[in-house]
Ligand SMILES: Cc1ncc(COP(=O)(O)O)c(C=O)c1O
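Quick setup: one chain, the form predicted on its own, written in structure tokens, and binding and motion questions come after.
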Amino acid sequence: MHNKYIKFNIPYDTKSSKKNILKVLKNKKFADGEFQKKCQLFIQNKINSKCVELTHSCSSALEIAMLLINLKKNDEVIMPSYTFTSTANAVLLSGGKPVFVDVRSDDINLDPKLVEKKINKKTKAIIVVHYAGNSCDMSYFLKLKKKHQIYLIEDAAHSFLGKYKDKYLGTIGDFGAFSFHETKNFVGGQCGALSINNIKFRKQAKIILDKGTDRSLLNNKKKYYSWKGIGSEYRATELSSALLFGQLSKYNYIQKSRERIWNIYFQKFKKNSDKNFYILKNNTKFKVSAHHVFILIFKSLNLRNKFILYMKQRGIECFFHYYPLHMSNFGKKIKKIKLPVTEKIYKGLVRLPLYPSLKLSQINRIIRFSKKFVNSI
């Protein structure tokens, strides 16, 4: 291994997280405790959500959303193919059918015009994925929601604290699902959250989260809880919440650090985009990025693979991203389709290291070797 090995991702470590975890161990309260409530309240207030529930993953937040909209067999949910399996699995677990639509090449988000062409009587919802922490065209999707009377769900796994106009991502559709996995900007180990933006779903959401009971809805008159419907174990543990709350307390530093590194990359690479690779535009007119990843998009699979190997040999971890769902063996069982932009993006996309503890000398080294590779092509 290279003596100055640069990892792709290192979760930010805070002293307060360690202190919080030790407090949980001391109190011996490991479920539905102090830090779970603190995280929920912090997120709810910060993003101006009507209701936030902390979950053990973004996957579970999406599954809860599918239960809340009463997704049934043969109901269709439109989504990108260039996303993690959880987006589609949440639909399949409720008996629905994922309908994959192509993305735009300029932001790798769902192409709203192509989405509109796929809406029919079976369409129950659209799941938008704010790729890399950059917002989809939410004005267009809100128009589609209203016109066709369908649900709009934001898979905001990449985009906690990102914005579209004056609203935080995850608070614009009916629901927003966040990820606080160890690979994300804010880390709770395996942790997530659901923002419930349509308040009529709040009571039912709590029943689902409480394993189908009305436990968290009890008042002083009623001294016992009972089974009210379908639910499961979806709430985040107190240890995950303690870890996450320590991160949230440093949200400004974490986000500013990521933005600073992203901007260094952008300034260094924007003039070097050529026939062999390109980067996404820094679209700040209506959007505030969460700066989750910085990507280079090469013009071929061969170049992408050569670049990843080249960087690895020089002690720098770089990775491609999703294998498109429609191209997978399981995805082909749903429907065999071609999504030309998605397939082209997949073949060329590489993610560079991006995390708060990345030093300027490391950033410069990443840029230097990246440019050496490009110039050698």
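Position 1 is the first residue in the sequence shown; the rest follow in order. Here the structure is a predicted model, which is why all the values come from computation and not from measurement.
In what follows, reference is made to the form predicted in complex with the named molecule, a form of this protein that is not presented.
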Open item on the list: Check for me: heavy atom within 4.5 Å of the named molecule in the predicted bound form, for each of Ile64, Ala90 and Arg235, yes or no.
Closed with: no
Task: Heavy atom within 4.5 Å of the named molecule in the predicted bound form - the one residue of Ala157, Ile126, Leu110, Ala242 that qualifies - done: Ala157
TODO: Using heavy atoms only and a 4.5 Å cut-off, determine which of Thr83, Asn185, Gln247, Asn134 is in contact with the named molecule in the predicted bound form.
DONE: Thr83
TODO: Report whether the minimum heavy atom distance between Ser59 and the named molecule in the predicted bound form is within 4.5 Å.
DONE: yes
Task: Distance check, Tyr322 to the named molecule in the predicted bound form, heavy atom within 4.5 Å - done: yes
Open item on the list: Please tell me whether any heavy atom belonging to Ser195 falls inside 4.5 Å of a heavy atom of the named molecule, as the geometry stands in the predicted bound form.
Closed with: no
Open item on the list: Taking the named molecule as it sits in the predicted bound form, is Leu169 in contact with it (heavy atom to heavy atom, 4.5 Å or less)?
Closed with: no
Open item on the list: Based on heavy atom distances of 4.5 Å or less, which listed stretch (117 to 125, 206 to 214, 301 to 309, 175 to 183) is in contact with the named molecule in the predicted bound form?
Closed with: 175 to 183
